[in-house]
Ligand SMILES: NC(=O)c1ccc[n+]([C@@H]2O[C@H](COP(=O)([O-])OP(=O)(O)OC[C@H]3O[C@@H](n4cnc5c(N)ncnc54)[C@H](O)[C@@H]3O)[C@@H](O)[C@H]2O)c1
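For reference, the chain that follows is the form predicted alone, supplied as structure tokens.
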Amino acid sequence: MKRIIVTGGSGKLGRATVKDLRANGYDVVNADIAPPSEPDPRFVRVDFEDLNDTMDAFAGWDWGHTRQVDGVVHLAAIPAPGRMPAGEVMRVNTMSTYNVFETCRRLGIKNIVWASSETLLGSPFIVPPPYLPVDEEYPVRPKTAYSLSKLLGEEMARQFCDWDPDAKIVGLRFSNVKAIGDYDRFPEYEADPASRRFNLWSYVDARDAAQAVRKALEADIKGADVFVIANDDTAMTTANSELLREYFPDVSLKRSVGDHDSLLSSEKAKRILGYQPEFGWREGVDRR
């Protein structure tokens, strides 16, 4: 059984990821500064801003009389802009990501998946994107300290993989992560579509985001790479044609889109990782 450390396993995406990995046969350790909402014997408290604490957690804990770690999922971070002062966001997110990458390098842990962000694509899109649906092919455009911290994480991943060609560090540019209980608010968006323009009316179900994490861990690739991870539909009942006419009338379409097709493209993740969204707000639970 492969052992995976999930940093930030007590958060919204972390909880879904821990549950998904365990359901698929992995031995999962939740490493977080905050305890989980329900007791978990595989929880360890770690301050990822401290390199020594991170090293101790990854190398010094004795789980089942073996310290073997097969992979790390790094989700621990301030999860969105505006949650803390900009300097704190930059410090916490950048240092914790460096400490995780550096610890893995020192310990020879070569399989890393981490949470980058859709915000690198230009959110809040005050400046319109060059085309739609947006994907990984055009240069990133960070507009906040949060998105800048994610850009620095992606650059660190490239440099760490340059130091070790056998390493794999996959950055998943998650859209706005939603749990089942969040879907009750989706109908409210229709009254103010501009409130969701910041990410092109996109989202990702936490369970689908967790699936993307697992498939990234299992992918037979090397080096640093990034993937946009979103659901296949928007958060709106208003058709894309109407939204684009109102908010992005001069933006060209890279390919045709249906009335409710996501304007964040996950095609690369589908092609390379085998990612396929299964859940969505329209059906409430399961779209299969």
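Note that the structure is a prediction, hence the values are computed from the model and not measured. Start at 1 with the first residue shown and count on from there.
This protein has a second form, the form predicted in complex with this ligand, left out of what is shown; the following refers to that one.
*Asks:* Using a 4.5 Å heavy atom cut-off, which of 152-160, 89-97, 128-136, 103-111 contacts this ligand in the model of the complex?
*Replies:* Going through the listed ranges, the match is 89-97.
*Asks:* Should residue 73 be counted as a contact of this ligand in the model of the complex, where contact means heavy atoms within 4.5 Å?
*Replies:* The answer is no: residue 73 has no heavy atom within 4.5 Å of this ligand.
*Asks:* Closest heavy atom of residue 13 to this ligand in the model of the complex, within 4.5 Å or not?
*Replies:* Residue 13: contacts this ligand in the model of the complex.
*Asks:* When the contact criterion is heavy atoms within 4.5 Å, does residue 142 count as touching this ligand in the model of the complex?
*Replies:* Flag for residue 142 set to no.
*Asks:* Spell out, yes or no, whether the shortest heavy atom distance between residue 32 and this ligand in the model of the complex is within 4.5 Å.
*Replies:* Residue 32: yes, in contact with this ligand in the model of the complex.
*Asks:* State the residue from 177, 170, 167, 120 whose non-hydrogen atoms include one within 4.5 Å of this ligand in the model of the complex.
*Replies:* Selected option: 177.
*Asks:* Since the partner isn't included here, can you check whether this ligand sits close to all of 183, 212 and 277 in the model of the complex (heavy atom within 4.5 Å for each)?
*Replies:* Negative, none of the three is within 4.5 Å.
*Asks:* Output the sequence-ordered list of residues from 38-58 with at least one heavy atom within 4.5 Å of this ligand in the model of the complex.
*Replies:* 46, 47, 48, 49 sit within 4.5 Å of the partner.
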